[in-house]
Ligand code: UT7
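Starting off, we have a lone chain in the form predicted alone, written out as structure tokens.
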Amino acid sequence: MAVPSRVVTNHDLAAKMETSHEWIVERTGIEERHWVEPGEGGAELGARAAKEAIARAGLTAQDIDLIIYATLSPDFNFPGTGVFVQRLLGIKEIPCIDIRQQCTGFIYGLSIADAYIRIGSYKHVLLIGSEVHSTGLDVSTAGRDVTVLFGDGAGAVVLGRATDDQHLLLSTHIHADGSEAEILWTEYPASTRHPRMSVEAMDERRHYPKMEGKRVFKHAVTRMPQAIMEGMVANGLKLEDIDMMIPHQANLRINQMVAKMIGMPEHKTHNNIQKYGNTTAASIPICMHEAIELGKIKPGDLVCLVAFGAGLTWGSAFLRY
């Protein structure tokens, strides 16, 4: 994982908008987040996380033969950020796939990597989730409800072919429903608008992310348990078989409700949104990395990953670490 060195606390935000540490913690669980300094981008964060993941896998950058880069905040409109990570890693000519499934991006990326490895197309896939939200947030009272939620950061994993049944990706389960896509989105700039950006749109603050929080919350606490149960049924698992659940870090209250709804004990769920905020496609690998470092996930443990995000998208993955 990699996060910017700059820490932004709730008290820092309270100095710029009408909010308070207590208000943010009560509604989200978040106490602080990391935001980039000028000139720091998603590719740099992704490359830092990738280098650590590759080293931990006992490989070199030249062993990677596919990069999958998940983000909702690409460094530029085009090309995709994956090629900039490739350049920073010093790798040439391997394919780079950029995907846009927001908070569910890491789960979608796992499903793509899994499919490619299973059919033998690639041996070592580098999957990165990286986000820079802070440069696109409305740091004012008008944007408070969304701005307090998001942090910047990156997480990365290397996937390869399993050599036994003690360390493998069991299954992935991904879904989407675009019927309410506008309840969590950023409207401008947009190629479907003429012009893509206008002074009027900016005056109306339509280039900042918008969220209907109560509706998103309701969908999340419905879809995440469904995705978990889908994976349990597919793999013939019972709740007690799961050693650790790593949920996407969007809102601590969502994760607590999901765990309560399925009967997951608190000690079998790891959350770190308190320190990092919502890092979207990066949140699951960042959270899993921390759980591994803390000894909460040990080799051979059965781990459930679950996410819900804009689109609307949701999904789960089950693996033996």
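What you are looking at is a predicted structure, and each value in this text was computed from that prediction instead of being measured. The first residue of the shown sequence is 1; numbering continues from there.
We do not show the form predicted in complex with oxa(dethia)-CoA, though everything after this point is about it.
Against oxa(dethia)-CoA in the predicted bound form, the set E52, G129 and I284 makes no contact: no member has a heavy atom within 4.5 Å. You can rule out all but one of 151-159, 117-125, 245-253, 232-240: in the predicted bound form, only 245-253 has residues with a heavy atom within 4.5 Å of oxa(dethia)-CoA.
Checking I99, V216, I94, I112 for any heavy atom within 4.5 Å of oxa(dethia)-CoA in the predicted bound form turns up a single hit: V216. Of the residues given (K275, K268, R56, R27), R27 alone sits with a heavy atom within 4.5 Å of oxa(dethia)-CoA in the predicted bound form. Under a 4.5 angstroms non-hydrogen atom cutoff, oxa(dethia)-CoA in the predicted bound form has M211 among its neighbouring residues. The closest heavy atom approach of L169 to oxa(dethia)-CoA in the predicted bound form falls outside 4.5 Å. Proximity of H173 to oxa(dethia)-CoA in the predicted bound form falls outside the 4.5 Å heavy atom cutoff. In the predicted bound form, oxa(dethia)-CoA lies farther than 4.5 Å from every heavy atom of R223. Although oxa(dethia)-CoA is not shown here, in the predicted bound form the stretch 301-320 places heavy atoms of F308, G309 within 4.5 Å of it, in sequence order.
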